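Shown below, as structure tokens, is a lone chain in the form predicted on its own; questions about how it binds or moves come after it.
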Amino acid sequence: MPVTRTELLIATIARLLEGCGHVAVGASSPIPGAGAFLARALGGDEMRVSVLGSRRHNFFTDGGRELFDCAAQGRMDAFFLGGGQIDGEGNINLVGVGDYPTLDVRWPGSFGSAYLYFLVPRVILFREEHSPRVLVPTVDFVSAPGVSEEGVWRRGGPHALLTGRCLFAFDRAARRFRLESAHPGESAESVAEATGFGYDAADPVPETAAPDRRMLDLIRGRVRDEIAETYPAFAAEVLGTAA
């Protein structure tokens, strides 16, 4: 069975989480959740994974509020954020499109994105859609800033941006993304055409590493079963477990 794009994303996330002690995953995040479970399995189960919405894989008793407390106490190493828009400085927009407050399109809102962006050391931006409407030159509204001016205390910030086309790393000093790899079937040119912001890149751009046999066995077995507890439809339709 060939490697699917979803399996590639899960394996890439697991690699990005190497060395973390505690990874938290927010709501509606089956691929990041599966990536965190894979990282835990590869690391000998030493990593703690907290998945909001799970009964089995969540030690929080007060949902998001307790997760925020955990981040403020420095007890969270990695978290995932997305956005309706993401720009080249790592700013994310979860509010809407247009001139605030008279927006043309309204999204659910920022919730705790800025709070976690400042506090969690390794924030992985994840958005499967990779198009100029998502990856924009400048977001219409800054829900959470990717960088801060000198003198502003923050422990956290963007570590990487993973999309359905490629993987970017973020250089906080340069305030820019760097194209690390393009997924199979993509190229430096196809990524550039679909990206609205400027970025740095190696020449040539390497291909994103596929999961090895051990990773695939875990994704299609143990990880599939673990993520099915919270996301049964995802496990059934995407990872192939029985409904």
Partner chain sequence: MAATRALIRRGARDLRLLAVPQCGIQADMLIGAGCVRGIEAAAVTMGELGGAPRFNAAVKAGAIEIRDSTCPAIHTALQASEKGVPFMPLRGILGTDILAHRPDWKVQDNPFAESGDPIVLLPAIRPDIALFHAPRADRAGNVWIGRRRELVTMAHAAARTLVTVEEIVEDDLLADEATAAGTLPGLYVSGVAEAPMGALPLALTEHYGADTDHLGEYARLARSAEGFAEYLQRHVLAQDVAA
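Because the structure is predicted, anything quoted here is derived from the model rather than measured. Numbering follows the first chain given and starts at 1.
Omitted here: the form predicted together with the partner chain. The next part is about that form.
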key: Within 4.5 Å of the partner chain in the predicted bound form, all of R127, S190 and A209 (non-hydrogen atom)   = no
From L162, A78, L81, A144: within 4.5 Å of the partner chain in the predicted bound form by heavy atoms is A144
Answer key, the partner chain contact in the predicted bound form at 4.5 Å (heavy atoms) among G74, P137, P108, G98: the residue is P108
**Message:** Under a 4.5 Å heavy atom criterion, is G112 part of the interface with the partner chain in the predicted bound form?
**Reply:** yes
4.5 Å heavy atom contact, L167 to the partner chain in the predicted bound form = no
Practice problem: Tell me, yes or no, whether Y199 is in contact with the partner chain in the predicted bound form, where a contact means a heavy atom of each within 4.5 Å. | Solution: no
Partner proximity in the predicted bound form: G64 to the partner chain, non-hydrogen atom cutoff 4.5 Å
yes
Given 98-106, 168-176, 82-90, 127-135, the stretch touching the partner chain in the predicted bound form at heavy atoms within 4.5 Å is 98-106
Applying a 4.5 angstroms cut-off on non-hydrogen atoms, the residues of 13-31 near the partner chain in the predicted bound form are S28
